[in-house]
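As structure tokens, one chain now follows by itself in the form predicted on its own.
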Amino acid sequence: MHKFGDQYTNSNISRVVLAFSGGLDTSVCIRWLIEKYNCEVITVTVDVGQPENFEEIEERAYKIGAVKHYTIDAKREFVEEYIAPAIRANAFYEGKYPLGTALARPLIAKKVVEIARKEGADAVAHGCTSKGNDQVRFEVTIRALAPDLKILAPVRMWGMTRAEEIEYAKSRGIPIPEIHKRFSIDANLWSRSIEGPELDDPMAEVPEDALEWVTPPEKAPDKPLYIELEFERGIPVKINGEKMDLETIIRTLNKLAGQHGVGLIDHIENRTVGFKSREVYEAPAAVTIYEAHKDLEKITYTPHEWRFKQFVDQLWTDLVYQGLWIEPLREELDKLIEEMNRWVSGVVRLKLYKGGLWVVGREGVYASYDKDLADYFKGWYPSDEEARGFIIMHSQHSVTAYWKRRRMMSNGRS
């Protein structure tokens, strides 16, 4: 059994596997690790749907000094094993964030560990800072999957400012084409995260040139778009009657919903690491799918199921956001959530217009809604006696307490 903390003892390191995005931080990481530990660095880039040129990223890794590079296509695994459970769980963190980055990090960490095993590495590394959530998500997963591997976080360790980091890169000829961009972007199939100094002001409106997936509502088409989204067991399977795999549905909705101004998320987020941050995301498909799925659940579940499911969803989402993908409770909740979603099949009709998203129709295969029962003119109406009896029995606890407390208060008891 490895002792707690052994993974942070940074001695006798000869081969490191680095999670490599190709950006400034991870590019500097390659050279810094080589210089500090005189070690071999193997880089791993995991494709989770980010719009990157992976050949350029690989070329950059070799130019900086990596002895080997892996590009791993994990899009299908990301969709089937991470995004699909999130859809079933309506995974909006704090009602806003659809967990795009949070879902991808444990998968990336898993792939990095797999390569570390294959290559006989004694350490793994990532490019996260000391104030972000991603350091937690990476390292918790690595600690669980590979307690014998050392964990290095160069950006936490080297103590360079952003300006010093750029100067370090320039002095060593490290190719970093994006250091002059205004915004720091992290994108995958499920969301696009946007960060930058001008967004740290919570009163500042998100500038239009920060957006790529979502058209500003005032520039969206003047004609509304109607979409019918069909679900089977909680997962969308068709758009407007056309069967598609989940990855294609996500890509299609990112385009269609984004064109109509749907999917911009701007909120104050309670980070795992202990402070609030202003976060901006683009997630047209996630927003559209979650809203449709929640509506289909509501027409399907009993009131008890629906209220319980909301609690379960929040718990699942909090665990994933906090980097606890490996938490046994998350796995146990997955089974419960999947079982509850066995009934969530049907069609939801959505209207998208200039940033607005409305559910305008729904039909569930197992819907608890009964039109013959609910019909205002022809539906079931209890008799007067039945209604009076229900009201009395339903309210008796509350009415009794109301009377009792007021009588006691009138007698001078508080």
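When you see a residue number, it is the position in the sequence shown, counting from 1. Remember, it's a predicted structure, so these values are computed and weren't measured experimentally.
Another form, the form predicted together with a small molecule, is not on view; read the next lines as being about it.
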item: Option touching the small molecule, based on a heavy atom within 4.5 Å in the model of the complex, out of Glu139, Glu338, Glu279, Glu230; value: Glu279
item: Position in contact with the small molecule when the complex is considered in the model of the complex, options Leu253, Ala121, Ile87, Ala102, heavy atoms within 4.5 Å; value: Ala102
item: Contact of Asn240 with the small molecule in the model of the complex (heavy atom, 4.5 Å); value: no
item: Touches the small molecule in the model of the complex: Gln314 (any heavy atom, 4.5 Å); value: no
item: 4.5 angstroms heavy atom contact with the small molecule in the model of the complex for Glu114; value: no
item: Partner contact for Glu297 in the model of the complex: the small molecule, 4.5 angstroms, heavy atom; value: no
item: Per-stretch contact check against the small molecule in the model of the complex, the hit in 211-219, 257-265, 182-190, 242-250 (non-hydrogen atom, 4.5 angstroms); value: 182-190
